[in-house]
Structure formats: structure tokens, C-alpha cells
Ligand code: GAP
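In C-alpha cells, one chain follows: the form predicted alone.
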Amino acid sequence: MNDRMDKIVALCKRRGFIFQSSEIYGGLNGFWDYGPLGVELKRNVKDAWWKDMITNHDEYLVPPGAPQTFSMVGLDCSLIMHPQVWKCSGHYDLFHDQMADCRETKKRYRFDHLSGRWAEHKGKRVFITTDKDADEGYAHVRKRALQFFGLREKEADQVVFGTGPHGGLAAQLGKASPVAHTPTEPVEKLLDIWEADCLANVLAPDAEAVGTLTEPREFNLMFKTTIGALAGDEGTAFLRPETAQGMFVNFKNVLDTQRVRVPFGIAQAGKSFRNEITPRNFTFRSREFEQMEMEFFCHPDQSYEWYKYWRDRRYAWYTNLGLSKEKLILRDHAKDELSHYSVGTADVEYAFPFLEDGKYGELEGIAHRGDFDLRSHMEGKLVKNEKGHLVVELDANGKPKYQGSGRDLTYFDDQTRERYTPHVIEPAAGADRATLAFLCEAYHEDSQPDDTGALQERVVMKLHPKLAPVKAAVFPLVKKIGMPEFALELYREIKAAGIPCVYDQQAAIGKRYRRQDEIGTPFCFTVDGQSIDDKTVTLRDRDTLEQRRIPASNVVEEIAARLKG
């Protein structure tokens, strides 16, 4: 991670946004605890999502020809579902990453995260790998090359770095020397050039000897668990790797119990679990995380218009809450990226500080899933045949590999008398990734005068007021002549209105302002001698630093108006 990201991580620990899970025991990689401020921030992110999806869901213009209003409902589904759910959805067979182990260091790597460069010295050639991001990876490869060849820094120009000709590792080993250039040029993905039986010439990221890396093998990302006292396959279940399937299997229940008509959506936010081989980049890739997903069921003929509607609307949600358009992109997937069931997918991606310039990390995917999911849970696991059609996958005996529920998950329109399997549009967002993006966007440094007039460095979190964990702070200027009593009365009035607020009377007023700036509090109210006389207080804005006096009786109304805007 770069310097800016290091500062953000340090602030999250120092001010109680995010802690390493089980830290007093050395921590557990891929798991994180949200502190007093972090839990409020993430709750605000989820609440903003829920209001956009459920509470205020139809305030936007709908696609041409679609009903002017549509229903949105919520669910809270179990973390553990029937194992057959994951077999029919494809997760049981397809939810894998490739991993490799180092026999020397006993470390495990996700194979597609390994990259590197060829390095040659006096006829000896080795492919030096790294599992670090590009910026760190270049330096790591150079340092490891010097160590491997036993050279000092001043002898670095004796090492030739390069990619070699195309054709994989075998071709590069047998035909030509690497093309000379510096290791600061992009590293190559080992997965892209790897060939069987060529790992003998690869140096693992932390190994001293070559050839210690095992060949890649599939690793299922679902966490296994056991239900009750049963042992063996009959008791095996899985923690859900996504929240989506709970909404699909409850499609009929929602239809039968709620007054909804297609088009309508089902949304939920909750925990998911993926046994990532190499979790990384703070909370960006974790083993336990929260998702905010919605399944929108619509008529097949209108599905593409609804896909564009949700794609554009979800991008706007992030910009409306403060993410810069210069750091946010809406990227449509190329055909070779699409899942086998997907008609179209777009990702909302953000330029996180831990990524190299020009690179983006996914915040949310908006997928046109067609009728894949409902059909799978009716008929059994679906695959594409040679004609590109979805058909039930058969086993060696010509029977369905995994049986569906056999339940009717079609929709009957009692007005048009048409029966069909709805198509589904799925906006799937990560609550943790969104929270991290808002933290990264909010982090600013500047210089402001302190109480003596001298410039002092200031860290300020410019969180959108709707997301800020604390909305207001109340300060008595000094602890005398009735100021604390007046300030406490105002503090209690703000709290009684349901607005998160803190009271602070310790230290100089400038220092108290800076404490609130660092946690993102947008509004501070100071009680001074004039307040006792005319019942006014000073409102100080976090971002503009503007200070103006307002009646104390108007404080709650002022905060509410600013939060609504």
C-alpha cells in the first residue's frame, strides 16, 4: 500500500473506525472488526442503500413502457441454506480459485495474483515472482534478483530483466534470452505464461531456492460447516458465499404473500463468506463481508431497459454520496468476461489508493442474469450448450446432475393472461467496499491556524453528512459562567431529536475542532459568553470552515435541513 493508504489505515485504527479481528492474539487474516465510529459509518452506508432501494425506490423516472410505479420489498435470509441450493446455482462446482503452495516457506498463494519478471545473470536465468501489487512488485522483483544472484546494489546493472518471446515459460527457457529492460516496466502474470513442468525455474515470492512452487490446483471458496450431530456428506452445509440465492428461492413466497406484480424487486443486506486464498488490501478483499444485493424481476421484453436503468441509477448513488466522478467509472464487461448466464454486466469501479494509477477496484456489479436463477432452482443446474442455449446439465447416465426443487417459479400475469419466467437484473454491492471507498475519498490533509494563529497540519474526513458517524458536536468555550450547562442542554436536545451528537469540554477550542474534523463531524456548535446573553451559538462548518451565529432554538432544524439536502 502507498503512503496515502497507510495514513488511512492508521487513522481507522487510531480513531476507532476499523480494527484487526482478534488483534490481541495476533489477528486473523481476512477478518475485521468495526469500531464505535466504523459501525456507525457502515450502518449509515447500508441505511442510505436501503432508503434508495426500498423506502424511496420509485422516485426516479422508469424506462419507457414500464409501469410508473413498482414494488420493492426486503428479506433477511439465513446464512446457511440447503446444500442443493449451491449445487443448482453452480457455486458447488464453479466457485473456485486456483492456489499454489510453496514447499519451502509453507505459504499459500492465489495463482492469478502471482506475477514477476525474467532475470538473467551470467547465463543463469530465473523467473522471479511477487504477490505484491504493481508499484511494490517492481521493487520487490529487483530486490529479490539481487539477493538470488548474490549481488550488491552497485552491481544491479549486471542483471538483465525481461519478458522473453511469447510462447510460455518453455519457449522462453529454450529459445532466447530475455529482452533487456528495467524491472520498472509492468510485471507479467505467471498465470498468463505458465506451462506444465516449468515451475522448476520459478522463484516463489519468499523462497530462497527455485522450484518450490506447486502446480496450481482448484480451491473451493465456500466455507464448509456441519449441521447438528450428523457426520459425513449428509450433514455438510456451507456458509453462504452471496446473499442472492436467498431471494431467488423465496421468489414464490414473496409473490404469494405480498401484493406485488412484475416488475418488482427483492433486496437484502447481510453477511457472506468466501474462503479467499490471499485476502488483501485492508477490507477490500476479506473472508467475511457484508453485501447489499437486489434482485429485480421483470418481463423478458423489458429486461434490457431495466438493466440500463439500474446500471445508471447505481452509479449515480455513489456520486450523490460524495465519490468523485474523476475516481469512479462505470465499466461494461467485455463478452469474454461475462458469466455463462449473463446477458450483460457493468461494474461500478473506484480508484482506490492502494491501486496503481489508472487501475480501479470493483464496488458493485450490475448484472442482467436472464432467467438463469429461477430456471436453475426449478429444473436443476443449467449450462450453455453448443448453440449457446441454457440447458440442464446431465451426468454420465444422462440424468440431471443436480435436481432442482421441481417447484413452479414462473409468473402468471392475470391481466395479460401470459405466463413466463421473469428475467432478473441484479445490482450487487459490497457494504465493506463502499465504506472503504467513502473513507478513502473523505481523507484530506491541509493546514489551518490554531488558537495562537500559527499554521498547523489538519486531517479532515470530508464524509457526506448523511454518512458521517457523528453529525454534530457541542462545545462550551470555557467551563464557567453557565456555558457548560447551556451546552449540555443543547446537546441533549440534539440527541433527543435522534441526531448523533457528542459533547466535549476538554482542551482548547481549536483542538476540539480538529478532533471532530478527523472523524468527519460536519457541524460543530460552540457556546460562549454571548450565548448566555442572546441564546445564540456559533455554527462551524467542517468543510468551508465558515462560522456564523444562529439561534440555539434553530439548531436541530438547521442540522435536519442540511442532512436532507
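On a predicted model such as this, the values are computed, not experimentally measured, just so you know. The first residue of the sequence shown is number 1, and the count goes up from there.
The form predicted in complex with the named molecule is left out here; the points below concern that form.
| Candidate spot N2, H113 and D131, all three touching the named molecule in the predicted bound form (heavy atom, 4.5 Å) | The answer is no; none of N2, H113 and D131 reaches the named molecule.
| 4.5 Å heavy atom contact, A429 to the named molecule in the predicted bound form | The answer is yes: A429 has a heavy atom within 4.5 Å of the named molecule.
| request: Spell out, yes or no, whether the shortest heavy atom distance between E362 and the named molecule in the predicted bound form is within 4.5 Å. | output: Judged by the heavy-atom cut-off of 4.5 Å, E362 is in contact with the named molecule in the predicted bound form.
| message | Please determine whether F148 contacts the named molecule in the predicted bound form, using a 4.5 Å cut-off between heavy atoms. | response | No.
| Do A237 and the named molecule come within 4.5 Å of each other in the predicted bound form, heavy atoms counted? | So A237 does not count as contacting the named molecule.
| message | Given a 4.5 Å cut-off on heavy atoms, tell me which of 478 to 486, 303 to 311, 271 to 279, 391 to 399 is the interface stretch with the named molecule in the predicted bound form. | response | In short, 271 to 279.
| query | Among L490, L199, A244, A351, which has any heavy atom within 4.5 Å of the named molecule in the predicted bound form? | reply | Exactly one listed residue reaches within 4.5 Å, namely A244.
| Residue among R142, K466, R369, R375 with a heavy atom within 4.5 Å of the named molecule in the predicted bound form | Only one listed residue qualifies here, and that residue is R369.
| query | If you look in the predicted bound form, which residues in 281 to 299 sit within 4.5 Å of the named molecule (heavy atoms)? | reply | Heavy-atom contacts to the named molecule in the predicted bound form: T283, F284, R285, S286, F289, Q291, E293.
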